[in-house]
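Here we start with a single chain on its own, the form predicted alone, put down as structure tokens.
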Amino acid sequence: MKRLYEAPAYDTARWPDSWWRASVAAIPDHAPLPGLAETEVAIIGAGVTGLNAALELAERFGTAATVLDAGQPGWGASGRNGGFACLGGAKIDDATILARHGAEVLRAFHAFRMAGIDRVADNLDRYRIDADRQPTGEIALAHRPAAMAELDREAALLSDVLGLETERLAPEALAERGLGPSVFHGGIRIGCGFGLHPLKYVLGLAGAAIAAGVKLYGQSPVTAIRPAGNRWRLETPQGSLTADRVILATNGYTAEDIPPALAGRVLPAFSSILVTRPLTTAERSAAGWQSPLIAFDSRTLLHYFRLLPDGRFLFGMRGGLSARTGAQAAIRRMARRHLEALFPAWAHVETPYFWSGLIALTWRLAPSIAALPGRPGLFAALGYHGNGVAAGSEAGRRVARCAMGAEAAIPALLARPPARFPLAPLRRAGLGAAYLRYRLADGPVSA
């Protein structure tokens, strides 16, 4: 199995040192695939995409799928992300989509994103998952004065073209709503999206899938996918699974050679998170942050953050380039510096939890929900650009319909396999160069 990063990034024997893992009392241990087995649909990846696909197959088509995961449900990005169920999935912005593809393509993609948020909310209600859901609303913050004009244009597009509620917030309005520190130059409130505990969400989905008749095997990395007549055989270290159709839902943990059809078409990238100890009321007041809304800033190498229900503060950022111990220690120090630059009142506050995970970028900067060309029966849903809680949930439902030959209403922007990166073997080095450009363009992390 070929991987882009070092082995620690894929070590399923070790859970991340995350607040999510620490705050869940027990995690079910699903046994590996034993020996030879058959299924109608095999799903690789027990994250939000794979489990939603399995639930869709069971509930809509009466098909009991088999899900294989290299680790356990929630070990990967689905259980270690920031817990933002919001608009997202693509790195390409709405204005560019509108200019390149037209209003109808943009509206279809926006409808998909909104359906993703609704899907998460429905899953929480339908399967009675207590995932610490927080209030509705998302805040985009301008990290410098010129960025506010950009946020205004985005808000106008969301409001005028897509009909979404938005509200402009001047710096004083941010402060009044407990959304300041003073380093931000205004913001936009978007009237959708919410925070949740992502590991509780994915574990709830896993329980619901098993209750629906889905077979779920952990510690079962797929080491090969081979044709078996008009079917497919998936090899694991412990067994072999033959399936009529296969759904790949591995996102940033997609191997370079399994299947070869995806080689060079996904660029994994690290996203890293700090979580503080619980903050006192006085500490929250000193920093000017009292709101439970999810938030992010306007930097290309963005920061994303939110106050958790127990008073802890989650702070995430992009920028890591290696899974090696020294590199992870360096990105932890950088994250801490950025946290203190934006929230100087918390310079004394401990951050006992730090972890990283892999997101998935695509060359077209948009997710892909499609059959793989020249591989009848192979389908993939991936590429959420670090924002896959909602988009991945809905993508799982739609790729399941696609695999069954049913109408899936996949937006045109998403309905193609991911394109191969130019100079694909060098794309990790290219990511490092891009990060350097972005840091220079974003400017210093200060007022």
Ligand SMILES: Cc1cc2nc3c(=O)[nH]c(=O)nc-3n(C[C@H](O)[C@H](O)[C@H](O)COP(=O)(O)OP(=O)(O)OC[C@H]3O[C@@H](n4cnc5c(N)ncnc54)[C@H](O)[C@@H]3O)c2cc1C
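In this text, all values refer to a predicted model and were calculated from it rather than measured experimentally. Residues carry their position along the shown sequence, with the first being 1.
Missing here is the form predicted in complex with this ligand; even so, the following discussion is about that form.
The partner is absent here, but in the model of the complex a heavy atom of Ile273, alone among Ile273, Ala142, Leu216, Leu169, sits within 4.5 Å of this ligand.
Checking Asn123, Ser220, Ser298, Thr362 against this ligand in the model of the complex, a heavy atom within 4.5 Å turns up for just one residue: Ser220. The closest heavy atom approach of Ala90 to this ligand in the model of the complex falls outside 4.5 Å. Taking non-hydrogen atoms only, Ile258 approaches this ligand to within 4.5 angstroms in the model of the complex. Not displayed here, this ligand is approached by Tyr253 to within 4.5 Å at the level of heavy atoms in the model of the complex.
For Thr39, no non-hydrogen atom is located within 4.5 Å of this ligand in the model of the complex, even though that partner is not displayed. Residue heavy atoms within 4.5 Å of this ligand in the model of the complex occur in exactly one stretch of 159 to 167, 326 to 334, 76 to 84, 143 to 151, and that stretch is 76 to 84. Of all the residues from 35 to 62, those having a non-hydrogen atom no more than 4.5 Å from this ligand in the model of the complex are Ile44, Gly45, Ala46, Gly47, Val48, Thr49, Gly50.
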